[in-house]
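The data below hold one chain only, encoded as structure tokens and taken in the form predicted on its own.
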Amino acid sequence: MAVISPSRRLRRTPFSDGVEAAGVKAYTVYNRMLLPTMFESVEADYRHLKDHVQVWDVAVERQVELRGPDAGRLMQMLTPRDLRRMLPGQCYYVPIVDETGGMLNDPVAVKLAEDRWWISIADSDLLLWVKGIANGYRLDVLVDEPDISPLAIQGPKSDDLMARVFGDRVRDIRFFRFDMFQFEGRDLAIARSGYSKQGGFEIYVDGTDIGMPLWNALFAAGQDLNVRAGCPNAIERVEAGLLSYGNDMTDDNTPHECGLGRFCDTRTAIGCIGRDALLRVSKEGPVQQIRPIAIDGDPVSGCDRPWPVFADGKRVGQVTSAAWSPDFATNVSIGMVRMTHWDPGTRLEVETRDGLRGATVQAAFWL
């Protein structure tokens, strides 16, 4: 079995010691860091996530910080979502686009103050793009990567676990809002958010030195809640239609193709770099779009490459993520399908690694 050779280019996280002690079995590389992908098994981790509570090392979600008088202007230049009504204490899901309207990232923007923002990024070199825009337009803003490492608490018992460590006030945080809490004298932003549909929080851990003390405190407080180390789960993610940048979409796709048109206020998001291109897309409509697709037959093995999608022998799209869902007893998948074949109920064929399978476009994702 091949292993990843360690080097300084592949960074550990403040929680890596805890992840290893918890028996991590698989990693991927994400923003040049180690992201756990499995502990007991994908199926067992899935069941536990839906029934109990997990602590996820998601320090790979690096922050791009914008700080200075032009921070708000720069943030609006990056996204077609209108940010004028966003207040400090709010989090927004924001497509980030280039000058052609192509997706560069799909992060969460965290507004700390009028002149200070965090962009909690997916896997990409977005920091370099943001620095380039700030320098090219000579904006009065500092752009850098702060020592912030998110730790996610996910699952139906997450409120109970968090309240034991941070107090009952944490229960009052609304969805996609954050508030400040103290741990060992350090102020930490805690948001009600996360990369699952099971509910939970993301703790923006400020400084590597308190990473393991916080990890240990959460596990000590949650023994009777059956707390375990976990990670974003491939099955639950596809059931919920949570997109993976670089996998389900790239810079070749516009937000409208990714089903994110509701986050594009192209008429009012004045200043967005890709606004003119997206205005044309908004007017004409996309020719392809992401759709949930149920694949027939026995459990398929995961997508390691795009699987071609056919109708009457003609290629009409591709599947980029797929998994067997124990709860829905079908193969769930995320696919990009041409407009001629994206209506719910349309029958397709998918060329999986196990051979050609029948498939059906669904009206909505399963979660």
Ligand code: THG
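All residue numbers are counted from 1 along the displayed sequence. Just so you know, these numbers come straight off a predicted model, no measurement behind them.
Another form exists, predicted in complex with the named molecule; not displayed. Remarks below refer to it.
**Student:** Give a yes or no on whether each residue among R116, W129 and Y137 has a heavy atom within 4.5 Å of the named molecule in the predicted bound form.
**Tutor:** The answer is no; none of R116, W129 and Y137 reaches the named molecule.
**Student:** Here the chain is shown alone; which of V141, L278, A122, A229 has a heavy atom within 4.5 Å of the named molecule in the predicted bound form?
**Tutor:** After the contact test, the surviving option is A122.
**Student:** Which listed residue (C258, I133, A234, L242) meets the criterion of a heavy atom within 4.5 Å of the named molecule in the predicted bound form?
**Tutor:** Of the candidates C258, I133, A234, L242, L242 is the one lying within 4.5 Å of the named molecule in the predicted bound form.
**Student:** Looking at 262 to 270, 291 to 299, 68 to 76, 207 to 215, which one sits within 4.5 Å of the named molecule in the predicted bound form if you count heavy atoms only?
**Tutor:** Answer to the contact question: 262 to 270.
**Student:** Y46 versus the named molecule, in the predicted bound form: is there a non-hydrogen atom within 4.5 Å?
**Tutor:** No, Y46 stays farther than 4.5 Å from the named molecule in the predicted bound form.
**Student:** Does G194 make contact with the named molecule in the predicted bound form, using a 4.5 Å heavy atom cut-off?
**Tutor:** Yes.
**Student:** With a 4.5 Å heavy atom cut-off, would you call A189 a contact of the named molecule in the predicted bound form?
**Tutor:** Because no heavy atom of A189 falls inside 4.5 Å of the named molecule in the predicted bound form, the answer is no.
**Student:** Could you confirm whether D248 comes within 4.5 Å of the named molecule in the predicted bound form, counting heavy atoms only?
**Tutor:** Outside the cut-off, so no.
**Student:** Of 168 to 194, which residues get within 4.5 Å of the named molecule in the predicted bound form if you count heavy atoms?
**Tutor:** In sequence order, F175, F176, G194 come within 4.5 Å of the partner.
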